[in-house]
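The chain that follows stands alone, in the form predicted alone, written as structure tokens.
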């Protein structure tokens, strides 16, 4: 299992400092989230700019859009807005015990949340496609993100693959011990559930024991909670200039989205 979604390309976006890319991405997502309800034109403009950035990065819009679809199911949590907001009724849905009334205002709010979330996820996908995971972790550390959060993310990146391999070996062993001539895998559904529960418990115990061994090994090597690297890039004048231009652009975009661009 590989958490690093980095795609090797020769582009200015790939070559940019990870701290700069992270800050611009966070600013972009924040500016989207602050747009008023119904600002579909502003969201569309932001999406076009983002797609232009994918072209500059030599990744391509289609790859970023496809990768962002994985997050769309999570916007289902906003579906109740369609039926709980007051406004012009669009229709009724009879569920027997009660009737749901869809409103135009609720639908606009739901659509706004969906498009904001979708474009924001695409911005995050572009960041991960154009920046190596270790560089992102180092950027978080340089930006003074709490050390415990950076350490957890770093350890997750390093050891989740180990746990995945361990789980894969356990699944293979289970399949070898539960084979049947007809290829069904053997055992009833309840029996399989018990086996899976035992595997999860065993994996938890193995993970806990391994974490103790890893921590003891790190302490014996002088680990004090700080991850140190030999390579550290300076955040120079060019990076500050790019960050300032990005901040001004996002500020102008936000003001324009609130004051001048039409809304639904």
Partner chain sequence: MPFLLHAPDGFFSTPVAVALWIVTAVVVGYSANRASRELDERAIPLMGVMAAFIFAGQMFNFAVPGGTSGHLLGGVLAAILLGPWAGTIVMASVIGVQALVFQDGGLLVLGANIFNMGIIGTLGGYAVYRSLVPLLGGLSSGRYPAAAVAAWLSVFVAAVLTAFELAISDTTSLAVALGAMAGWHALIGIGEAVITVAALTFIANSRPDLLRFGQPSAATA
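From a predicted model like this one, the values you see are computed outputs, not experimental measurements. Superpose the two forms; the largest set of C-alphas matching within 1.5 Å is the rigid core. Numbering follows the first chain given and starts at 1.
Below: the form predicted together with its partner chain, not depicted.
The three marked residues, 40, 49 and 62, fail to reach its partner chain in the model of the complex, with no heavy atom of any inside 4.5 Å.
Residue 196 is the only one of 56, 238, 196, 44 with a heavy atom lying within 4.5 Å of its partner chain in the model of the complex. Between its partner chain and the residues 156, 93, 175, 90, the one pair within 4.5 Å by heavy atoms in the model of the complex involves 156. Contact between residue 149 and its partner chain in the model of the complex is found at the 4.5 Å heavy atom cutoff. Residue 5 belongs to the set of residues with a heavy atom inside 4.5 Å of its partner chain in the model of the complex. In the model of the complex, none of the heavy atoms of residue 249 sits within 4.5 Å of a heavy atom of its partner chain. Among heavy atoms of residue 253, none comes within 4.5 Å of its partner chain in the model of the complex. Counting a residue when any of its non-hydrogen atoms is within 4.5 Å of its partner chain in the model of the complex, the hits in 15 to 51 run 22, 25, 26, 29, 30, 33, 34.
Core-aligned CA deviation for residue 150 between this form and the one not shown: 2 Å or greater. Comparing the forms between this form and the one not shown, the C-alpha position of residue 206 differs by 2 angstroms or more, with the core used for superposition. Core-superposed comparison between this form and the one not shown: CA of residue 196 displaced by 2 Å or more.
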